[in-house]
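Next up: a single chain in structure tokens, the form predicted on its own.
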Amino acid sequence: MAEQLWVSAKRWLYTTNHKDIGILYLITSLFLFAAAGVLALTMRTQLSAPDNTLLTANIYNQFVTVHGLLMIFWVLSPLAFGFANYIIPLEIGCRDLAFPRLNSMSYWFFLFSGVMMILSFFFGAAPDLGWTLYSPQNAAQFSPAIGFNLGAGALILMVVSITMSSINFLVTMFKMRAPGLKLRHMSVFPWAILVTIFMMLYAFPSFLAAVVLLYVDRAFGTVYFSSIQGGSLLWDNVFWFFGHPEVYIVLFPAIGIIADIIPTFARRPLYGSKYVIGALVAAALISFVVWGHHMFVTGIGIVSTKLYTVTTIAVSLPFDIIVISLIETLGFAKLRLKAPALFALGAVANFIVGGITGVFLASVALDYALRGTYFVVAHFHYIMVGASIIGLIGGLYYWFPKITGRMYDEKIAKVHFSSSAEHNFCYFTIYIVARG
């Protein structure tokens, strides 16, 4: 019995097979999703009654920060790339990724970095100033706990993991496609992953540089971000140059999955698939020139505010094309409302609401009024949870029989969808209250 357990464990510890690594990504990201969910539920319990003493102010801030970091870095993208590891080689006709050992290493870096972030709670205090880690609060003077350094190290490891994975997929998709398979013949999901990879390769170096300099500030006493001569604005620029493309980095794989699910259950080809792919590319390009709308309240120049207002509104146009394509695909279709289709439709509905609220924030005047309110929180969660997470869960049901060889229980899956719909109704309520 012990020998059988060791053989089974050895398979998962030493595997370089893309399917096994995809499953490891999926399972690990779901466990970290559960950890982030526990933090979220605890925060909501704290807010459920006035003068609640469940969490101290400092612990509450740590929960908020680690919840956000886990969801963005250790749940959304890894969950998507778990599907990519398993599905992409099958869809493009290759036996494995270009560098199987590098693929395995990227997973283990991901796992260890996630463990490091959770362990930061046990080293004085976890990061406690929001997932944006704004300067000068991130300086050792204001956040002296060693747990913050551990969290910064976890982020560095995570970026290294993402870089290795991105290079691996890039080489695989350009050099190992089946003979005769042109890029233009690929379906939307591989294209969504390919565009996401390019965005990662351009966005994450900025974030890596920021976190390394932050670590140097805290460990060796430099003043890159704690300097009174613009250190805070330097952090804002470097962080948000990564931060806004990151929204689309976690969104695009979900869009690719939705664009696979809806035609399957509508029994119709995706309407205007070439335009959807073009829209993904256009949105990716524009996303790198919109980061300044996160800095309207910092007093940047009037020319910059006008530029970022225009680009922020412009980035919504490619998504209009995508939504119209999905709706047209549903037109006159005999849609089978199985669990994957329900989650895909729910993700599209939430994405529409999240996108509309984002356009409001492109206005400088409205941004000044709404910055730091639950309007922004609701907008953010409509995109990250309502569109990305629900779309990815749809993919989990969609490919579950392929990955496991078993069929999920349709009734339980629909109960799951109903609970997700109720969850997002809460965000809709927050949005209405914020407007009022």
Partner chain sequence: MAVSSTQVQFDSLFGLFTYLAIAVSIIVFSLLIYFIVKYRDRPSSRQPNDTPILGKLPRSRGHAKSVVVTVSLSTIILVVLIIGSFGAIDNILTPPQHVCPGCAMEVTAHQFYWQFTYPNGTKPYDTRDILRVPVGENIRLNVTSADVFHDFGIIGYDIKTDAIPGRTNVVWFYPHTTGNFTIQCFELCGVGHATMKGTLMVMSQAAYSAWYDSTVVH
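Numbering follows the first chain given and starts at 1. If you're wondering where the values come from, they're calculated on a predicted model, not measured in any experiment.
There is also a form predicted together with its partner chain; it is not shown, and the following applies to it.
Out of the listed residues Gly299, Pro144, Gly221, Gly93, Gly299 is the one that sits within 4.5 Å of its partner chain in the model of the complex by at least one heavy atom. For the residues Val216, Ala140, Val281, Leu335, the 4.5 Å heavy atom test against its partner chain in the model of the complex is passed only by Leu335. In plain terms, the part of the chain that comes close to its partner chain in the model of the complex, with a heavy atom within 4.5 Å, is 272-280 out of 112-120, 67-75, 197-205, 272-280. At a distance threshold of 4.5 angstroms between non-hydrogen atoms, Lys175 is out of contact with its partner chain in the model of the complex. Using a 4.5 angstroms limit between non-hydrogen atoms, Thr45 is distant from its partner chain in the model of the complex. Of the heavy atoms in Leu330, some are within 4.5 Å of its partner chain in the model of the complex. Proximity of Met105 to its partner chain in the model of the complex falls outside the 4.5 Å heavy atom cutoff.
Residues are counted as partner-facing when one of their heavy atoms sits within 4.5 Å of its partner chain in the model of the complex; in 361-380 these are Ser363, Val364, Ala365, Leu366, Tyr368, Ala369, Leu370, Arg371, Gly372, Thr373, Phe375, in sequence order.
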